[in-house]
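In the block that follows, a single chain appears as structure tokens, in the form predicted on its own.
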């Protein structure tokens, strides 16, 4: 295919527009901070953006703010300040970067983050609970714990129509009503069910699009890199959930991926190895970390990160707009539970991904800063390898702290992994004759 045959107004649009929206989001937060406006601090696993937007509360994602300090190579400054303040080197790097950000009056490499009016979080991550308590102490704000029932054991998920599922839905629905009452109290805005329907309609478009984008990456060659491009898409999925801008973005992203699939345009010019990624990316050397794989003609076609960090958008769940509150409860239950499953019961889905995405290997990336995503990863790897003869790589670093990231060691391990992949491919070719 010649260069002239490629429509460059479509190819690359998702990354370009995603970066622009991300900048817009931070600009808006910076303006809120300058005016002393209200905001809600939330997390990617169960942000409750649909409810918070009804009350015109800008959503602030401290996880995203923190990882941006690592991507922009200034995380060490924030980590050092938090540790000097008294926080242990062993706890979550996201927490420490956020604490330092608060100590700096919201100063961030992309602007300034407003102070919270409310903190909303789920039990999807054990760190969320203690993290929100820090804001409660710092700002004397209300914090709201959303207790979402998780999967009791692998393979025991319940679904609509099951008595346990319906009981769990009622439990979640009661908490939604409590959150609405709290938001009314702190904002002096009356809850508007029609506005909620509009927001949920935009969320439906986004969920539909995100699921399509993930499925389109089953194409050969793969259409986007789940580690790098996928992180841009995640930023929009979280920051613009429930907005027209977010819905339009994912409609156009689907259009771009469909065009690339039809034209055979891949994310790599010479894709040899299709990989799945388990865990959180190595943000201190984010671009270089990905290059260690792409220079070996390997690309990430999907990841558990696109699963748990998408706020449930990956499930493709669509709300019933005729029954918004009960449907919202059902969606929260399914989506947050799915996010937890991606960390604790991931092996069965990875096996399915190996088949449907025609993956050649799996890369496991436990990190020092996050025990929630890393604990049990070695056991999950063993379970996967017991079920399938698939190459896997187990490499350790961090999502924030460059002090525990050794590029040289990572490079050696990754090169050895690709040597093994090449040997297997060569052997398979010989046996095919």
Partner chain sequence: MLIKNRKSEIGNRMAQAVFTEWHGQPLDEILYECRELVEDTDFPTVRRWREAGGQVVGHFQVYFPEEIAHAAGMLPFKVRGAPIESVQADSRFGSYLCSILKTSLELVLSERVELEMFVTHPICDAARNLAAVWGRNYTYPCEILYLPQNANSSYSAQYLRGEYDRLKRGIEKIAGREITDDDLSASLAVFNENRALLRKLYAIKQDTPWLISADDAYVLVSVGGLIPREEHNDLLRTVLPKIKERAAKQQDKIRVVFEGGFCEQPPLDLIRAIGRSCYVVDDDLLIGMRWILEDVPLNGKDPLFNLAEAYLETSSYSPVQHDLRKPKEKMLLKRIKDSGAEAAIVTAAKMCEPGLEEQVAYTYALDAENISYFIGEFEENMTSFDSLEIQLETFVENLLFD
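Numbering follows the first chain given and starts at 1. This one's a predicted model, so the numbers in the text were calculated from it and none came from an experiment.
Not on display, but discussed next: the form predicted together with its partner chain.
- Comment: 149-157 is the region of 354-362, 313-321, 287-295, 149-157 lying near its partner chain in the model of the complex, near meaning a non-hydrogen atom within 4.5 Å.
- In the model of the complex, its partner chain lies farther than 4.5 Å from every heavy atom of residue 389.
- In the model of the complex, its partner chain stays beyond 4.5 Å of every heavy atom belonging to residue 102.
- Its partner chain is not drawn, but in the model of the complex it has no heavy atom within 4.5 Å of residue 59.
- In the model of the complex, none of the heavy atoms of residue 270 sits within 4.5 Å of a heavy atom of its partner chain.
- Residue 344 is the only one of 344, 139, 191, 259 with a heavy atom lying within 4.5 Å of its partner chain in the model of the complex.
- Listed residues 231, 225, 127, 243 were compared with its partner chain in the model of the complex; 127 is the one with a heavy atom within 4.5 Å.
- In the model of the complex, every residue of the candidate spot (143, 368 and 379) has a heavy atom lying within 4.5 Å of its partner chain.
- Along 205-239, a non-hydrogen atom within 4.5 Å of its partner chain in the model of the complex is carried by no residue at all.
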